[in-house]
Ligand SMILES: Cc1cc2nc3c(=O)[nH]c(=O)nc-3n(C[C@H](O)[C@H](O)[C@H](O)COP(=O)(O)OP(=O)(O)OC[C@H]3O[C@@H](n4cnc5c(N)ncnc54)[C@H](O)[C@@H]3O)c2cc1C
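First, one chain by itself in structure tokens, the form predicted alone.
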């Protein structure tokens, strides 16, 4: 039996591999497993403060997803290969897992027919400005995707966007048991090793006994669970990959509904990534209000938006009941440089009324780092493993989904084959 706790579920390859091998597997999910409806109402139950999001003391927002599939249900389905050298430094080779996942996942740039007019306009402008802008790999099934759709970030109801729900479904097909709305409170430890978990469901405390526990609570949840289990420090530093949206209006585009992050450019040395970021109308309005640009509230269908994401310094703290992380001088310098690059692209695109939003973030991780919180096998204690963004060992700045799936597949194969001690 393998309890796997909390929201991100990008460790889903691990229970899938264990279930395939015939192990008894219990998956405990803090959020709901209700079908994705693609509505802002449902999204609000997954990602508002208290439901998967946190406000820092500087008023910046940290967003995650509390639902089956976690953030993969709500993200932009962008994939980036794991940085091999980062993991090789800890004796971890993700190449076999990556090759296996590439063979089964929808993983390719969007066809031109699914690249919206705003993304195309930004790409043309960036390339004209001499920036190496290119289509990004997306975890989207083109045959099920539809142009002029805005539901990626709300939870795709059409089955076009891959999410970790797919692997959980497969695990259940092979005999795993899923319990949603089940919040893990702590790991049960006996004689120095994991013996199960305590969790609440429907207001009642339960226990699940197991010789093997895999935590997947994410960059915020996993350090809290370890601390509650007497295995980790009260405070854990982390990264969050801050993002700013730079927006400007044009007079000859009428859009606003398309797949975001269809194309972009990465500057790994500088720790900056740029991409188109067309968002649904209500989210655009929230950004405009946040930036104090009431005058742009009605300009959604004409506004080009560019995401500026940075690789931030590890710092701040995850506490038992709060999260706080503010920008360092280095973080601010990277954001300022990225914002300048985005402004130049929008200028090339003929945009006016250009403004930048306040920063927010959506990739909390690095709080139970490999080499510190867990070893190279992702083991935090005998019988206890952590497999989520919390174990990433260095500052990040990349879409984490594919890397976390590789870690989950590697761990699942090792555990099911008995390569690692349990």
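If you're wondering where the values come from, they're calculated on a predicted model, not measured in any experiment. Residue numbers count along the first chain shown, from 1.
The same protein also has a form predicted in complex with the ligand, omitted here; what follows describes it.
J.: Heavy atoms within 4.5 Å of the ligand in the predicted bound form: does residue 63 have any?
T.: Judged by the heavy-atom cut-off of 4.5 Å, residue 63 is in contact with the ligand in the predicted bound form.
J.: Although the ligand is absent from this view, report whether residue 327 comes within 4.5 Å of it in the predicted bound form, heavy atoms only.
T.: Looking in the predicted bound form, residue contacts with the ligand do not include residue 327, since no heavy atom lies within 4.5 Å.
J.: Would residue 14 count as touching the ligand in the predicted bound form under a 4.5 Å heavy atom rule?
T.: Residue-level check for residue 14: no, no contact with the ligand.
J.: Please run the contact check for residue 183 against the ligand in the predicted bound form: heavy atoms, 4.5 angstroms, yes or no?
T.: Answer yes; at least one heavy atom of residue 183 falls within 4.5 Å of the ligand in the predicted bound form.
J.: In the predicted bound form, do 116, 276 and 305 all put a heavy atom within 4.5 Å of the ligand?
T.: No, the candidate spot makes no contact with the ligand.
J.: Using a 4.5 Å heavy atom cut-off, which residue among 384, 374, 356, 28 comes into contact with the ligand in the predicted bound form?
T.: So the residue touching the ligand in the predicted bound form, by this definition, is 28.
J.: Out of 268 to 276, 168 to 176, 215 to 223, 104 to 112, where are the residues with a heavy atom within 4.5 Å of the ligand in the predicted bound form?
T.: Among the candidates, contact is made by 215 to 223.
J.: Going through 226 to 243 from first to last, which residues have a non-hydrogen atom within 4.5 Å of the ligand in the predicted bound form?
T.: Nothing in the stretch sits within 4.5 Å of the partner.
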